[in-house]
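One chain comes next, on its own, written out as structure tokens in the form predicted alone.
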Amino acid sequence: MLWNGRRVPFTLLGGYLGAGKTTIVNHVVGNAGGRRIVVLVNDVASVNIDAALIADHDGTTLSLTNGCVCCAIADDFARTLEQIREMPEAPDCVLMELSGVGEPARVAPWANTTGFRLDGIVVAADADQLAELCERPFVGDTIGEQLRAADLVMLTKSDIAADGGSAARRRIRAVSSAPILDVVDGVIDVDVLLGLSGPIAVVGEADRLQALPSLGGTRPDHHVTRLVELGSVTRDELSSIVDSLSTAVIRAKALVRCSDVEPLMEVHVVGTRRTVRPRPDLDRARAVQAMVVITVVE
């Protein structure tokens, strides 16, 4: 059975040409924090990796000493996914950088095929040029389609935009209600892009905060992390709580015992994408009746 039935989280990273997607990917690979990430890119050579991290490079695949693998997206995308499925051990996640003119909504169904589940669509937007690009024929339509598909928008280069990105924000808000996160020089908390690290495991109440996933390192001041206590809930009540989360929430995760169903329920939130699904493969002892929530304060 493929990876014992586990479905690997699959994140799509879109955005128009020059929006800074590869810079973000470079940062993620260099700050994997123990995750085994498979990164799919158009050109492996464009991923800037410290030579000391490179374990092997065969032209189309770059294997790293930190357990990550970067693969060039083959002409046959289905075959590329099959090669990932052939890995004896499931990676922790897959991150795919789309081409600058790629439409995430068209690729999203692939991220829900055997062995994978779509974790979220993240779109990078250039604060310095977005407003002008949106005025161009065809280009504006492409950017609009990308933004409409986004669960989370990463606004890049606001530090060099004359208006600090105000015009870009207005353009984004005209087509998308997804949370907007400022990203400078590709520095993004990997937990935000790829989901919170690992399963939540807490021994006792006093250890709860100490046992939360590590969220430090690169988080800007406008990120706020909190713990939402859940107590005893039914599956419907849990879904209602998740649906009622503020639009400022960019990430959330939980493993919860519900009083009316046997399997653990797993909560995943990335921007506007919110999922509550059963995990019968997990021991109920791993449950924590609380949800870790990351909010962006603009």
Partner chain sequence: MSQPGVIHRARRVVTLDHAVPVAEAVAVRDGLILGVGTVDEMRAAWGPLRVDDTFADSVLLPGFVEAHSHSLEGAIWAWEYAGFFPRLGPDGERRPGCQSFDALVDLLRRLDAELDDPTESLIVWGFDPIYFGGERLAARHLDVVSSTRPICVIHASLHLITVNTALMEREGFADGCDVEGVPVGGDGRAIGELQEPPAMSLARREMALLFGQLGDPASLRRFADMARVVGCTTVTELGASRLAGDDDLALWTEAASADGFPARLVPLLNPARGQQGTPDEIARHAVAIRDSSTPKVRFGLVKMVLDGSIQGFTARLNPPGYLPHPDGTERPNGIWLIEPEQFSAWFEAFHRAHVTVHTHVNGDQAVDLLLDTVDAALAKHSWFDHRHTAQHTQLTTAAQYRRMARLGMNANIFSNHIFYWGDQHRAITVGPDRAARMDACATADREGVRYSVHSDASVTPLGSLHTMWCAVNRVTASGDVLGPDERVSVDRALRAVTIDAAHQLRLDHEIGTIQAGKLADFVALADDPYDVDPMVIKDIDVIATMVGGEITAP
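Residue numbers count along the first chain shown, from 1. Note that the structure is predicted; figures quoted are calculated from it, not measured.
There is another form of the same protein, the form predicted together with the partner chain; it is not shown, and what comes next is about it.
Out of the listed residues Gln129, Ser158, Thr142, Thr225, Thr142 is the one that sits within 4.5 Å of the partner chain in the predicted complex by at least one heavy atom. The chain is drawn here without the partner chain; in the predicted complex, the stretch among 27-35, 55-63, 245-253, 228-236 whose residues come within 4.5 Å of it by any heavy atom is 55-63. Taking non-hydrogen atoms only, Ser177 never approaches the partner chain to within 4.5 angstroms in the predicted complex.
Taking the partner from the other structure, the partner chain in the predicted complex has no heavy atom within 4.5 Å of any heavy atom of Ala167. The shortest heavy atom separation between Glu82 and the partner chain in the predicted complex is within 4.5 Å. Of the heavy atoms in Asp43, some are within 4.5 Å of the partner chain in the predicted complex. Shown here without its partner, the chain carries Arg7, Ser99 and Pro109, all of which come within 4.5 Å of the partner chain in the predicted complex through at least one heavy atom.
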